[in-house]
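To begin, one chain is listed below as C-alpha cells, in the form predicted on its own.
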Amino acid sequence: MIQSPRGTRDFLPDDMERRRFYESILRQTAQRSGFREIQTPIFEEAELFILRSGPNILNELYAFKDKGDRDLALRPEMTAPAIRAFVNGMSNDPKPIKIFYFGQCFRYERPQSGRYREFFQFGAEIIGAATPETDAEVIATAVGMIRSLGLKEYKVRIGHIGVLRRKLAEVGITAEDMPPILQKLDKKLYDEAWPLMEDAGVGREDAEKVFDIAGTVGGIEVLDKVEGEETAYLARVLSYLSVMGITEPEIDLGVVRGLDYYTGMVFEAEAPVLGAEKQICGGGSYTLSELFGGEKVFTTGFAIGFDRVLLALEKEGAVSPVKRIDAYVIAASSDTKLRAFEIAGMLRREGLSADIDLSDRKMAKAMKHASSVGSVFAVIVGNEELGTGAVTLRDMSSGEQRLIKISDLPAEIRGH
C-alpha cells in the first residue's frame, strides 16, 4: 500500500471542515483590520530564498531544476514571496499596503509533533512604514487572531532587536560576529553564547551584563532598566496596544528572532500547552525588498503556524462546529426516485444543502445513513404523499415527522 510521503498528511472531510472553520476566522480577522489577501506561487526561483536566508537554507529546500534548467524550489515560508510580489506588482501603490496570505510551505526537516515537511502558514504584512503605530497594528492583528481562534492560554513577548545589538557593540562584538551570538541569546542559551563571545574578546563581566539584558522579561517597568531610543520606541508601541485593549504582551529584551534582516521591533507568541515546540507566531520589522531588486522599504509582519495553532486548540479541548446537511432526500420506492432527484435539485437551487440516497437502500438503512452524514432533516418521497403534492419531512433529532407541501419545503427547512 502506497502511503503519503513522510512529513505530509491527508486531511479527510472532518479534518477539512475543522481547518476551514479556523482558516475563515483568520481571514475575517485580517479583513476587519483592513488587510487584503494575496496569493503567490507554491514554487519560486530558489535564489529568492537563498537571498533571504543564506545558502544554508539549501539543506531544507525542496529544490529542483525544471525542463528549462532553471533552479526552482517549493516555498519554505511565505514572507519572501510576499515581498517579491510587492516588488513586482505593488511597489508604486499608495503606502502603507496591508496584505495577508495563507498557504502551504515545504521544508525538509525531521517531522515531530507540530512540525511537518508540508505545513501551512498564515501571515500578514504592512509594507511602507516602520513606526510605533505600524508595529502596534501588526501585533494587535496577531493577538486578535489568537483571541478569535479561541486559544485560552497563550503568551505574547515583545522586544527590540536594537537593544541587544547595541549592547553587544558596546562590549566589542563586531557586526560580523553578532548573528550566531544573537541566535544563542534569543534561545536563552547563555552557556553556548559565552564561548562565542569569549572568542570575540569579550570578558566575563561584560558578557554577564549582556546576559542580564537578554534575560530581562516583565511589564513596561523593565524598559527603565535600559536607556536608549529602542526602549522608548517600545514604550510607544505598548501605549498604542493598551488603548486598543491589547494588554497581554510582556517585554522580553532577549527576543531577537535570530534573523539578520530584522531591523527593529520583534515579537513572538507561544502556547504553553504545546510544551517545548510552543511557538505559534513570530514577526517584527524588517527590510527585504532591496534584496529582490526593489527600493528599500520598511515592513512589519508576522506569520502564524496554522498547524501548531490547531494542535494547541486540540490539546485545550476546543471543539469546532460540525457542519450539517440541511436535508437528506430518500425515495420511498423506485418509481419516486426521479421526483426525489427533482426535489434535491430544487432544494440546492434554493441555497440549501441537500444529499440524496444513491444506493437504493431500504428505508431503515437510508434513515440510518441520513443520521450518519449529519443531516438535520430527512425528506421522504412517497407515491401517496406525492399525489397530494407533499412529502414527509422528518426531524432527525426529535424523530418528529409531518407532511409538508413541496412548495413549502425550502421555507420549512430554512426556518428550523
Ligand code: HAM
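Since the model is a prediction, treat every value here as computed from it, not as a measurement. Just count from 1 along the sequence shown to find any residue number.
Unshown form predicted in complex with the named molecule; subsequent notes refer to it.
This chain appears without its partner; in the model of the complex, the one residue of 233, 154, 262, 86 with a heavy atom within 4.5 Å of the named molecule is 262.
Proximity to the named molecule in the model of the complex, taken as a non-hydrogen atom within 4.5 angstroms, holds for one residue of 336, 79, 134, 141, which is 79. Taken together, the three residues 101, 115 and 286 all come within 4.5 Å of the named molecule in the model of the complex, as judged by their closest heavy atom. Mapping the unseen interface onto this chain, residue 159 falls outside it, with no heavy atom inside 4.5 Å of the named molecule in the model of the complex. In the model of the complex, residue 95 stays away from the named molecule, with no heavy atom inside 4.5 Å. Although the partner is absent here, residue 280 sits close enough that one of its heavy atoms falls within 4.5 Å of the named molecule in the model of the complex. In the model of the complex, the named molecule lies farther than 4.5 Å from every heavy atom of residue 314. Screening 341-349, 221-229, 305-313, 204-212 for residues having heavy atoms within 4.5 Å of the named molecule in the model of the complex returns a single hit, 305-313.
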